[in-house]
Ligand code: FBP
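Below you'll find only one chain, the form predicted on its own, shown as structure tokens.
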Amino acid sequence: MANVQPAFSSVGKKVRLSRIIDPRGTLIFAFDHWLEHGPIDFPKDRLDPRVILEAVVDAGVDAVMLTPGDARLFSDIWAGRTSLIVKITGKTSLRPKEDQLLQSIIGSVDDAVRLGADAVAATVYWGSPWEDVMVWNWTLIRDAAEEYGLPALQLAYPRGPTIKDRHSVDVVLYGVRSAVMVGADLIKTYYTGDKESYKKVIEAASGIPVLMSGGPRRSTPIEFLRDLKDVREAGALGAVVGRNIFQARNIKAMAKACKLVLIGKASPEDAYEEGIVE
């Protein structure tokens, strides 16, 4: 029988995923909020992205997810210190309300390769009136990434006029299963609010790694840390977190606390009581 060797691209994808994934619990820092939401997300002393990025990279996150322009501008911070995921879709909140459910192309897979990225990311709003446009863009991104052996992370967000509760288990697992069916290598999606329901989401992913979307800042740090513990115990790979880290009182401490909880080195209570997140 012939010795069938894997395709070059599959080897490259495996290598790059190994740079991003910590099998104990993976923490990716998301930082596309200036584009998506504008200055409303940022405390006045953190309008300079360098302040935030330096803190999270120092904390030891497994990867940062940046737009192409920020990846280039701040390469002196992340290069050689953590993995880079380039997000190549986006939108602004300045758009008319009726167009908020569309993500546009803001970069290319070639940009990601030139920047030295280990993966690319793109959003699909499942249930949006613009779903067909985003799915088509996704397939183009996925195919181009495959040519280079780059993993493709899909931000699988169910959003649309027919969706009453985007965090309900049926809606979230529908979006996750859809992401699997269009070839996602990694999936970021909403938390359903409890460990048992999130297990159903993980099951729907059929072995494709799922990462919880951090979402808006929780009322207390320990509340968010408990969510991280629950999603990890449910079988998620980890989390992609932005605001719950960079809006915290101490950015570096909160990032470290998130990582410790995800890898099981500290309980949420210990992280909170020992002042890790202060």
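Don't overthink the numbering: it's just position in the shown sequence, from 1. Every value quoted in this text rests on a predicted model; they were computed, and no experiment measured them.
Quick note: we don't show the form predicted in complex with the named molecule, though the next part is all about it.
The closest non-hydrogen atom of S213 lies within 4.5 Å of the named molecule in the predicted bound form. Not displayed here, the named molecule is kept clear of D58 by more than 4.5 Å at the level of heavy atoms in the predicted bound form.
In the predicted bound form, G242 approaches the named molecule with a heavy atom inside 4.5 Å.
For the chain shown alone, D62 is not a contact residue for the named molecule in the predicted bound form, no non-hydrogen atom being within 4.5 angstroms. The partner is absent here; in the predicted bound form, the one residue of R46, H33, K252, R226 having a heavy atom within 4.5 Å of the named molecule is H33.
Contact annotation: of the candidates Y157, W78, W138, Y191, the single residue with a non-hydrogen atom within 4.5 angstroms of the named molecule in the predicted bound form is Y157.
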